[in-house]
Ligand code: MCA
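Shown below, as structure tokens, is a lone chain in the form predicted alone; questions about how it binds or moves come after it.
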């Protein structure tokens, strides 16, 4: 028995001096060099006492070493927990406790803030900074660049990805080697990736889009990546002529369109632009095609499943749709109450089934049973319809999920904070259209009689409590919330009322 994910995506490059990562310094890291770093980290894991199946929580900035840490976890049979760099200590505390993480790798600037929390759970702390320094690499650089890969199969777990619930309690989606590997090969084939491709990678790697969709597709195909630390408009424009492909969120494309340097001559060597993690406005599709001659390919995925559907590489890429089911993946629309299949054109719950679908939620059997049917179909929580030509349209999201800049935000978590503030009777949080982020957060508060809530102080409290990407773009005060006859807040009416707040 081998380690199927490591052997297929990483191990095949052993000893090969082909380019893998092109850095902003123009340094080129070869596949061989990358694997040597990964093996040193894997040896470090063993040295500090980690065992197969242990969880490794990672909250670090993007760097070649951070990506090598992913490879090291796969090689050593450990389960990776990539965590948003914006998460606060309180948020991290839940992830560490719930997962039982044996190791937390963090930026050295956060070590003091996190050490008390980590120690309370018996979690080891190592540091890794954006420049590759820190205690993890100090130890790794003294160890062998060879590591005996741990045997793991398709059904073995490789990553926990935490996705918040509407109650604010996060769920750890358990993904297997088979989940990641199947998606990598399907996407590489359907998007025509080869060893000649150079992907402009400006995405974060704590998110499924940048870590698994982008990186795994390049590994599966043998291509290379221009590995930017983040989305910097000048850097992206500088490196576009050297790339053949780019994956991004809608924000990337709206910012490019805002720069006069974006023109057909700049992207004449490109063959594919992919967008995901949030809906792309039809207007952005049209403007980008007019400016560049390229029609952006939009796809649909989620934490629990990787990618499910994609607009065609060859064929009509339709704005407002997310295309067809990927090879080997089934998508159906069902009645949200009965679960019965709905006919073409009718709106209902989107359900998916395939080798990409996760194994369940960590230590949440009831939640797993509620969302993952016995027949293998996963109830995504998204609402959609399939048109007569087979294209999937996402028409809404169950449970009022907000997606801003590609990140999932659940209103309940923010509402709980708002409701605790002085002078606030109740609150509602909604997502409203935003030209840059697709959606942004709007907080709505109802004052207690005779009180006028201090919105500045409320915002200060929010900034101390939750990650920046969850912060409301604005908080407004209104007299009362719209409700139906059963007393339920009608958020759809609020969204309609404020849909033009940030779009003019």
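Numbering follows the first chain given and starts at 1. What you see is a predicted model, and the numbers here were worked out from it, not measured in a lab.
The following text describes the form predicted in complex with methylmalonyl-coenzyme A, which does not appear among the structures shown.
methylmalonyl-coenzyme A is not shown here, but in the model of the complex it comes within 4.5 Å of a heavy atom of residue 302.
Shown alone here, residue 325 lies farther than 4.5 Å from methylmalonyl-coenzyme A in the model of the complex, counting heavy atoms only. Proximity of residue 231 to methylmalonyl-coenzyme A in the model of the complex: non-hydrogen atoms within 4.5 Å are present. A residue is said to contact a partner when one of its heavy atoms sits within 4.5 Å of a partner heavy atom; residue 277 meets this definition for methylmalonyl-coenzyme A in the model of the complex. Heavy atoms within 4.5 Å of methylmalonyl-coenzyme A in the model of the complex map, among the stretches 413-421, 97-105, 149-157, 208-216, onto 208-216 alone. For the residues 359, 255, 189, 332, the 4.5 Å heavy atom test against methylmalonyl-coenzyme A in the model of the complex is passed only by 255. In summary, among the residues 404, 221, 182, 427, the only one with a non-hydrogen atom within 4.5 Å of methylmalonyl-coenzyme A in the model of the complex is 404. Applying a 4.5 Å heavy atom cutoff to methylmalonyl-coenzyme A in the model of the complex picks out 203, 204 from 178-206, in order along the sequence.
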